[in-house]
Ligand SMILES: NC(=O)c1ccc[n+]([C@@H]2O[C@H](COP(=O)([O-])OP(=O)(O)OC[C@H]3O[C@@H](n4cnc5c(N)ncnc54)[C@H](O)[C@@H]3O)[C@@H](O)[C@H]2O)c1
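Just one chain follows, in the form predicted alone, and it is written as C-alpha cells.
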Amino acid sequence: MKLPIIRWNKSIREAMETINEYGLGIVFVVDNHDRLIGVATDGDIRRAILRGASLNTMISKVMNRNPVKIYESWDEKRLREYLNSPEVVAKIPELKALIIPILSDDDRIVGIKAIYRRKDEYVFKSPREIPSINKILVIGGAGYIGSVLTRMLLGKGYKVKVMDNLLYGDEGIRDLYGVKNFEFFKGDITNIKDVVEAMRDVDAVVHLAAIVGDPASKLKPKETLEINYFSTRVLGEVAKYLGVSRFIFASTCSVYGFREEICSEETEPNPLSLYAETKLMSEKVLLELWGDGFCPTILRFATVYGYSPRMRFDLVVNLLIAKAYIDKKITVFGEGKQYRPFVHIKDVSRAIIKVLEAPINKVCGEIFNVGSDEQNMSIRELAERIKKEIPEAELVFVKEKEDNRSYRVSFRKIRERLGFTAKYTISDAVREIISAFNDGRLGDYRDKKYSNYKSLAGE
C-alpha cells in the first residue's frame, strides 16, 4: 500500500492534506534521503495549533521526534524487549491502536502496522482494519436526532462527546451520564470559548444543533439566523483551525421548496422558509471553507420520523401516529396532495455513521440527500399508511390552506456512492411509538416538551 509520507520541510497544511488523503490519522516525516525523522498525528497537529502554530508552520517543527518504531530485521526476542520497555509501554494504549512504521536498517520506511495492547499482549493489525476516528463530537446531541445517534455511536464502540445547551432539557441523554465512553459538555455554539473547548480533543464533528422547523424559526427569526447560520460559520472555522477534518452538517431536503420534478443534489435549491434559507446559507459557507485539511459533508435529511428519547410530536409523521392512536383520528389539511420525502430517525443516524466511516475522499465536500426513494409520498398516502396500521382511526380531511411545499427527492447518490439504503418504514415507527405510549415512556403528545415551537414560545 502507498504510505502517508511527507518531507520534513512541508507545511502543516500539506501534512493535513496528506492525512486526509490516506485516512489513517498520521503522516510519517522523512528527511531528504527518505529516512524517518518523526511522525505527526492529527492530534499532534491540533495541539500545536492550540499552542500557536499556523498552517504554514513546517511539520518538522511540531512532529514527534521519538515515535514508536520497529525494524524489519529484528527477531522476536528483540521485538519483545523493545515493546516491553517502560518507555514504549507508556506510548502504546490498551485497546486503541497506534500506527507505527516498520523500518529498514537505514531508517527507510518499508511498511506500517497498527498495534495495541490487550492485557499483557500486543496485537498487530493492518492499519486499514483500524478506524481513524475514535472520538466524535455530536453538537446538539441531546436533541431529537442526536440522542438516537449518540446511542448508536456508543453501541459501535466510539467515544462520544455531546455538546448541548439543553434548551429542550436533558431527557434525551439523562440515562447516559456515567456510561462508558460518554462525555457531556454543556455549552452554547454562539460562545466561541465553548466551541473551542468542545473541539479540543475530538476526531470528527457532527453538527445537529439548530432552531429546527418553520414555526420555531418564524417565532425566533433573529436567533434562527444567529444559531443556524452565524454559529455554523464559527464551528466550521474553529474545526478547520484545530485540524478537525471530518465535519458533518445536518441540512434539510426542504431547501428544494416547491418542485414538480424529482430533486437531486444538483437541483437548484428553492427555499421557501427562513429555516431552509439558513440551512442553505450554512451549506455554502461550510463548502467555502473546504480545503487545507477541512472536509465538510452536507447531509440533506428528508422529513424525519420515529421514536427518540427526546421525542417530538411537531413532526408530521409522529403527530399523525399519535393522533391516530390516542384520538382515533388522522387529520389532513387540504387534499393532502403535496409530496414529501420521509426517513426514519434510525436511518438518519445510520447514514451519519456511514459517512463517518467512509474513506474521506468519497465524502469530502459532498452533498448527499438522506432518505428512501420508496418513501417519497403525498401527505394523503402517508395518512393512509398510518390508518392501515391503526385501522380504528378515522381519516378526516379539513378544508384549510395546505403547506405549499411539495417536492420529491432522489436518493440515488448516497446509495451508489456509499452503499446506503434505508431499513426502516412508517410501519416500524407506528409500532415503536405505540409501544412507548403503552410502557409509559411517552406522555400526553400535546405537552409542550414534545414541540420545539411550544417550548420556545413558552406555551
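Don't overthink the numbering: it's just position in the shown sequence, from 1. Everything numeric in this text was worked out from a predicted model, so none of it was measured.
Below, we refer to the form predicted in complex with this ligand, which is not included among the displayed structures.
This chain lacks the partner; the member of 351, 321, 205, 250 within 4.5 angstroms of this ligand in the model of the complex by a non-hydrogen atom is 250.
Of the residues given (286, 317, 210, 244), 210 alone sits with a heavy atom within 4.5 Å of this ligand in the model of the complex.
The chain is drawn here without this ligand; in the model of the complex, the stretch among 324 to 332, 379 to 387, 260 to 268, 145 to 153 whose residues come within 4.5 Å of it by any heavy atom is 145 to 153. In the model of the complex, this ligand sits within 4.5 Å of a heavy atom belonging to residue 164. Interface membership of residue 168, defined by any non-hydrogen atom within 4.5 Å of this ligand in the model of the complex, is confirmed. Using a 4.5 angstroms limit between non-hydrogen atoms, residue 312 touches this ligand in the model of the complex. The closest heavy atom approach of residue 188 to this ligand in the model of the complex falls within 4.5 Å.
For the candidate spot formed by 13, 39 and 99, no residue has a non-hydrogen atom within 4.5 angstroms of this ligand in the model of the complex. Residues 301, 302, 303, 304, 310, 312, 315 are the members of 299 to 321 with a non-hydrogen atom no more than 4.5 angstroms from this ligand in the model of the complex.
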